[in-house]
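In structure tokens, the next block holds one chain alone, the form predicted on its own.
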């Protein structure tokens, strides 16, 4: 995964050959670094901002003769990236759910994202992950627009021996979510996972619907689901949902096929929200917690 992005970071460290980092060298390195980031599907605005930060960090830096300049560049790159990921923070969903369940209330997770990103499958994968941690789960079929969406979630739930709260197609998704909350409370279920629609005929209508669901069910956590292979589109979608509805963390699907890796970096950098899971396959177990340290370490290894 993320091979192209690793190459971009490797290129900027190996490009420094002089013992003193002068402005001309930095301009050339910065330009090539920015191009490499964009080629790795890092959003252009993020590539520009990241390049500017790195260039400022390196400006005027002098390196001892005994020190490899690429080591200094690597350290500065790591510091810039670490700062962005530190601001986004980390999330322990299981700990949060258990904390809420001690008070007798269900922990409500709302899933957001456009159709085709693997949102419903991600709901099932998260349900499977939580169930294996000893957390009781119920799902709500809040996508009442896409044909087959209710049946798809129901089939996943049956395979995982889970309950699905649903209504008819065309029903108010907020009402479905509310039914899910009432069911979870009545049956003392630890966590409610709410699937939602992602049709994009008009952004405004979709955002209004998502905002209404959020007002009604008052989720404890909102997960944005993005397809890692869509690169810049994933970042545009993240910015849209974050601006109009807000989300607390992201899942990147199809990460096992993503050789570029720009979506993960861009979403964290542009929204300030963490990536919490990576979808790495088709089975329910193919969901892995995102490891920030491992991700950053792999980008800067040479």
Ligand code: GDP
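Numbering follows the first chain given and starts at 1. Keep in mind it's a predicted model, so treat the numbers as computed, not measured.
The same protein also exists as the form predicted in complex with this ligand; that form is not shown, yet it is the one meant from here on.
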_Contact assignment for this ligand in the predicted complex, among 39, 256, 239, 48, heavy atom within 4.5 Å_ = 256
*Heavy atom within 4.5 Å of this ligand in the predicted complex - residue from 114, 162, 97, 176*: 114
*Among 204-212, 166-174, 120-128, 76-84, which stretch sits within 4.5 Å of this ligand in the predicted complex, heavy atoms only?*
120-128
*Do heavy atoms from each of 56, 262 and 270 fall within 4.5 Å of this ligand in the predicted complex?*
no
_My question is simply whether residue 133 lines the interface with this ligand in the predicted complex - judged by any non-hydrogen atom within 4.5 Å._
no
*asked:* Taking any heavy atom pair closer than or equal to 4.5 Å as contact, tell me whether residue 289 reaches this ligand in the predicted complex.
replied: no
*Check whether residue 146 has any heavy atom within 4.5 Å of a heavy atom of this ligand in the predicted complex, and answer yes or no.*
yes
*If you check in the predicted complex, is residue 282 within 4.5 Å of this ligand, heavy atoms only?*
yes
